[in-house]
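Same chain, two versions here, written out as C-alpha cells and called structure 1 and structure 2.
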Structure 1
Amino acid sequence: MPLSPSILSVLSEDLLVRVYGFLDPPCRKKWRLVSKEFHRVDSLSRTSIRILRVEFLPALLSNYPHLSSLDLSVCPKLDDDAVLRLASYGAVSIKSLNLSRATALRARGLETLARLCRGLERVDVSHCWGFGDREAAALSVAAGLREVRMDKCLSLSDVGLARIVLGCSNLSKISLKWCMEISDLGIDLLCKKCKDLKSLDVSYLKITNESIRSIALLPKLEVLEMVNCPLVDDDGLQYLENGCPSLQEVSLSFLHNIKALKHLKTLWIDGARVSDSSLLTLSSSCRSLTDIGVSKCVGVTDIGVVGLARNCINLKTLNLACCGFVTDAAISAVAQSCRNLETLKLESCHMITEKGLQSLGCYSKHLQELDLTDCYGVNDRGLEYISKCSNLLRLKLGLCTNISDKGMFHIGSKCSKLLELDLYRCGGFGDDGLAAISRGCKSLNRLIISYCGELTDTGVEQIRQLEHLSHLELRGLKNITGAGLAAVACGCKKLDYLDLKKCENIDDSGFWALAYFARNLRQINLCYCSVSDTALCMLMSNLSRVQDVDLVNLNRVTVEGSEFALRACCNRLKKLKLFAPLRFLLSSELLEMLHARGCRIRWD
C-alpha cells in the first residue's frame, strides 16, 4: 500500500520558509532529518555554515547554493593544496570568510580563495602567524573587501598593509590589533586611501601622535580602539578635537584631553589612571555619553561618579567593576539621575551596601543587568530592594556570602523575567531558596550554583521546572547524587552546557538519565566524577551533539573505558581535556583520528 503524501507537500515554498523560520536551531535539525520538504527549504535558505573537515566543503557548497558566510577557522587540514582542489569546482558567492588560526594557509591559497569567492566583503585572518606581506598582497586581489580583521598577524608590516589599502580602497572596517610591525607610515597611507573607514582598531601598536593626526582626517570614522598605545599621549588626542566628526565610540588606556570629543556616545577606558577631576571634566564636556566603562581605573571615587551621573543623564551602561572607593552615595546619585540605566556592573565594589541598592530599587526601573559579584556588603535586605527592578534579565551575585533563603525568596517572587542568575559560592542559601528561584524564574536559561555547599538533591530536583535552561553549573556540589541529576536531566531538555566537576557523589544512575534525556548537550565537564566505564561509554555514544568534554581524574574509568568512550564520539569532538598520563596509554590510532577530525586536546 503506497504511503500517503506528507501534509507539508501541499504547502508552498514561501509558507515552508516562514514556518521554518519560527523553529529554533535544534528543532530545525530534527525536522530537516525527517522531512524532505524542510531539508529542501534548509538547503535553499541557509546563508552561513561552519565546517570541521575541509574535504566536505565541495559537497556542502553544492547542497547550499545561497551560502554567503563560510567559517573555516576550525579546519585543521586547511592549506594551499586543499584550497587548490576546491578551485576546480568553480566560483562561489561567499561574502564573509573566516580563516582565523588557519596557520597552514599561505599566499597561493589565499589568492585562490580571494578569486574563488566572488563578491568577497569580509575576511578574518586573525592569529595566522604565517600571514605576512606576501599573504596580504594575495588577499588584495579581492578588490571589493570592506572589512578585514588581522589581529596578531605578527609578520605583517607597512608593506603588506599598503598592498591591501591600495587594492581594497573601499574598506570600512579594519582591525590591526597586535600587528607589531605596523608603524605611522602604514596608518598614514591607510587613512589617506580609505576615506570610508568607520571602524579602526590600532590597539597595542607602536604608533605615535602622527598616526592620530592622520586618523583625525577620517570623515566617517565612528569607532576607534587604541588600547595600550604607549607612544600616544594627550597631544595626540588633541588632533581628534577638530577631526572625526562622526566619532561615537573610543577605547583608550588613558584619560585627559578626551574632553574635546563632545559628540562621543561610548567610551571605554578600563584600567586607566583616572582622577576625579578628569572624570568631572569629561562628563561636563561629553554629555551625550550613553555607555562608559571605567573598570579597574585607579582613582575613581564618589566625587567623579556623582559628577558623571549628574552630567550624563542619558547613561544606559556603566561599568564600575573593581572601583573599590565607590560607595552607596555614588550609586544613589547614579540611580536618581540616570533613570534610563540598563546595565550596571559593580563587581568587587566592597563598599556597596543595602543603602545603595535601595536607591536602585526605587529609581532604576529599566535596569536589565546588575553585576554584584564579590560585593560582600550585599545581604537579604539588599536583595529585597533589588527585586523591585522587575525588568532584570541578568543578575550576578557570585561570592556574596551574606545572602540566605530569604533573599532568594525576594528574587524568585518578583524577578520573573530573569534569564541569567549567577550564585557562585553563595554558601548562605539552601534548598528552599533554590526552590523559590525555580518556581518564580521560569524563563531562566543560565544558572550558576557552583560550590553552594548547602544544596542537596531536594533543592536541585526543583531545577527541573526550568524548561528553558540551557547552561547549568553544579561544580563542587558534594551533597547531590544520581537522583538529583536524573531530575534535572528529565526536566531540562534544552541543556547544552553542564558542569559537574567535583560532584563526587553522583552515581551511574544519574549519568544514565543524562545519557537518555539530555540529548542537546554540547559541552560537559565530568572531572573528578565517580562515573564508571559503562556509564561513560553510554554518555559519549548517546550525546550525539557533544563537542567539548572534560574528562580529568575519573578514578573509576580505566584506560580501556576511556578508549571506547572516545571512539564512540570522536567524529564530533572539537575540544577535549584529558588526564596527562593518558597521552602515553591511549592508542596512537585514536589520537591521530581525533587530530585528523580537528579535535584540540588539552592534557592536564
Structure 2
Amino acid sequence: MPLSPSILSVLSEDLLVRVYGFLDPPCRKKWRLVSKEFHRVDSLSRTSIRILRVEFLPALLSNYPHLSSLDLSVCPKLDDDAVLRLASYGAVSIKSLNLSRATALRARGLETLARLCRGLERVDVSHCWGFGDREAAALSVAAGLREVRMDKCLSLSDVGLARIVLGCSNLSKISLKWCMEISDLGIDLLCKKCKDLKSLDVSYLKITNESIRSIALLPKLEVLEMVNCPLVDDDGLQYLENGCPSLQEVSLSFLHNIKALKHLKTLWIDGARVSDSSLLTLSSSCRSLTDIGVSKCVGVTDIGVVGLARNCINLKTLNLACCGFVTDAAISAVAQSCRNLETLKLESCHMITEKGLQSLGCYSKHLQELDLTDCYGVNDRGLEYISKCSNLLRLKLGLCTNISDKGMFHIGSKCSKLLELDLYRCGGFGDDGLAAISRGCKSLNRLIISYCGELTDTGVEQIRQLEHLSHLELRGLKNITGAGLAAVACGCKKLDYLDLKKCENIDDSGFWALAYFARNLRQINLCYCSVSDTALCMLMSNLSRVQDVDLVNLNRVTVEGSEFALRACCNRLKKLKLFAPLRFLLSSELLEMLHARGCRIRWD
C-alpha cells in the first residue's frame, strides 16, 4: 500500500487523535491496520483494555502507555501466581481495575495487584464470592481508592469494611450489595470516616434504622440504594428526609411518605406498598423526578400514574411492571405529558392494548426501551404503532402470543437501531418474521427467541446476518438442527452467551461448528442437548473463553466424557452446573481443582 508521507503533514498527530476519538470500537480495529502512524495513534490513545490472557499483559502494557483502565474480569487464568509473575515487570499506572468474578484470586494476589497499580482509584471485585476480610485488607493497601464495588463478596464482614474505610478515606462510591455479613457497625464507621461518600449501595443487607441514621449524616451523598433491607422502616426514612442535603437517587423497597427530598431525581420503590394518594403527594413534592420505578406496587392505578405524569414532566424512566390496574388511559397521559420519556416498562400490565401503544408511537419519539413482557393485549397493530418510535433500542415482547409475522415486519422495517429484542415464547410468528428482524435490525446484539415453536432451520439460519449478536437464547427450539446452529456459529462471531437448552435435534455437526467458530463464547447452556462425548470435549477444550457451563441431562455423554471435557477447561471455569450424581462419579482431583480455581458448582 503506497503510504504517502504527506498524511502526517496534512493531518498532524493531534488531529489524527481527534479523528480517532470519533470512531466506534469496531472501526478502531480497522483503523490500526491502516498504517504505522495510525497504529501509533491507536496505541497512544487507548486508555482501556479488556484482556483474556493475563500472560500478555506486560507486553500490552508497554504497547499502550496511556492505559488507565484494565478489565481482567474475563481472564480465566488469573490467580495469585499469575499476579506474582506480573509483579516482576514493575508498577503500572492503572487507575481502574475490574476484577469481577476473579474467583481464583486471593488476598495475596490482590494485595500484589493493589501495590502494583499505583494510583488505583477504581476497583471492582463484585461476585468474587470467596472474598472476605483478608481480601478487603489487601485492597485497603491502595490508599487512593475512590470507588469500590464489592457486590456479593459473601464473607466480607464489618472488619473488612473497616479496613477499607480506614485505608481509603477518600472513598466516594462503594457498593456492598449482598455482603450479607455487614451490619450497622460497619455502615456507621463508613459514614463516620468517609465523609466524601457520594454513592452507597446497601441493598439486601441486614441493617436497621440505626444505619440510616448514620447514612443521613453524609453531607455529599447523592445516590443511595437500599433495596430489600427488611429491617429498615419509615422511621429510618425519616432520618433520610431530615439529613442528606444532596441526595438525588434513592432505591427503596417500601415507602411511606417522602416529601422533604425535593431535589430527588431518581426513586426506585419497586415492590413497595404504595397507594395512589402517596404517589400523588410524592410526585407533587418531588417535581424534578426523572426516573421512577414503582414496579410490583399493587396499589398503583391510573389515578396515581396520571397524577405522576402531570407533576413530573421531565420523566425519562418509568417502571410500572406488575402494576396490573394501569390501563391505556394512564399510558396515553404519560406519553402526552412526558415527551422525553426514554424507558417505559409495562411488564404484566394486562390491560394495555393497541390504544395505549398508539399514543406512545405518536408522542414518545425519544423512547429507547419498551418492556411489554406478558402484555397479551399487544398485537400486530400495536407493534405497528410501536415501530414509529424509531429510536427504540430495547424491546421486550416476551409472552405476547398475539404477535405474528406481520408485526415482526413492522419492527424489522422501522426499528433499525434495535439492540435488544426479547421474543420469549412468542409462538405466533415464524421463520419469515425472524428473517425480517434479521434483515432489518442489523445492530441487534441480544436476541431471545426461546420457545418460539414455529421457528425452523430456515429462520434460524437468517440470524447469521446479525454480526453484532452476543447474546442468543434458542431454548426449546425443537425444530432446529445442526445446520441451523452451524449457520449461527458461522455468522455471529461475537457470540458470548448461548442458550441451547432442550434443543434436542441439534446433532454433533452443529456443536463441531460451534467449537470452531464461536471462540468468544463465554457462557453456554447445553442442558438436554444430544451432544456426544467427543463433541462435548471439543467444545470444552476449543472454546477458550468459556467460563459458565450448564451440563445437566446430557443423555449421550458418559461419565468419562464429562471428566475429559471438564479437565479440558477446568482452569477457566467459574460456574458449572452438573448432574448431581456426577458428584460421586467425577474424580475428586478434578473437583478439588475446580474448587481451588474458584469455580462454583451447582449440582442439579
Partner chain sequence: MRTKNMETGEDDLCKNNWGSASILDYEMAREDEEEEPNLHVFKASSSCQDNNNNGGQASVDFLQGVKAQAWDPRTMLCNLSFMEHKIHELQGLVHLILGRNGQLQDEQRQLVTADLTSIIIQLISTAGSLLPSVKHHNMSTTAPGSAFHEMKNEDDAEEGENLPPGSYEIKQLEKEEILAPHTNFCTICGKGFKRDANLRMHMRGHGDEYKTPAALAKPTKETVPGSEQMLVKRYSCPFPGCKRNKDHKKFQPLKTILCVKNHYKRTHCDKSFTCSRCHTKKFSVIADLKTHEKHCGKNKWLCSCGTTFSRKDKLFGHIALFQGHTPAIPLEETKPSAAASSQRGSSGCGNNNNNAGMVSFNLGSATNANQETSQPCFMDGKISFEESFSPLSSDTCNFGGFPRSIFDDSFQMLISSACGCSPINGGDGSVSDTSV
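From a predicted model like this one, the values you see are computed outputs, not experimental measurements. For numbering, take structure 1's sequence and count from 1. If you superpose the two forms and keep the largest set of C-alpha atoms that fall within 1.5 Å, you have the rigid core.
Here the chain taken from the form predicted together with its partner chain appears as structure 2, while structure 1 comes from elsewhere. Remark: with the core as the superposition reference, the CA shift of S364 between structures 1 and 2 stays below 2 Å.
T317 shows a C-alpha shift below 2 Å between structures 1 and 2 [criterion: core-superposed Cα displacement of 2 Å]. Superposed on the core, the two forms barely differ at C490: its CA moves less than 2 Å between structures 1 and 2. Superposing the rigid core and comparing between structures 1 and 2 gives a CA shift of 3.5 Å at C244.
At P76, the distance the Cα travels between structures 1 and 2 is 13.6 Å after the core is superposed.
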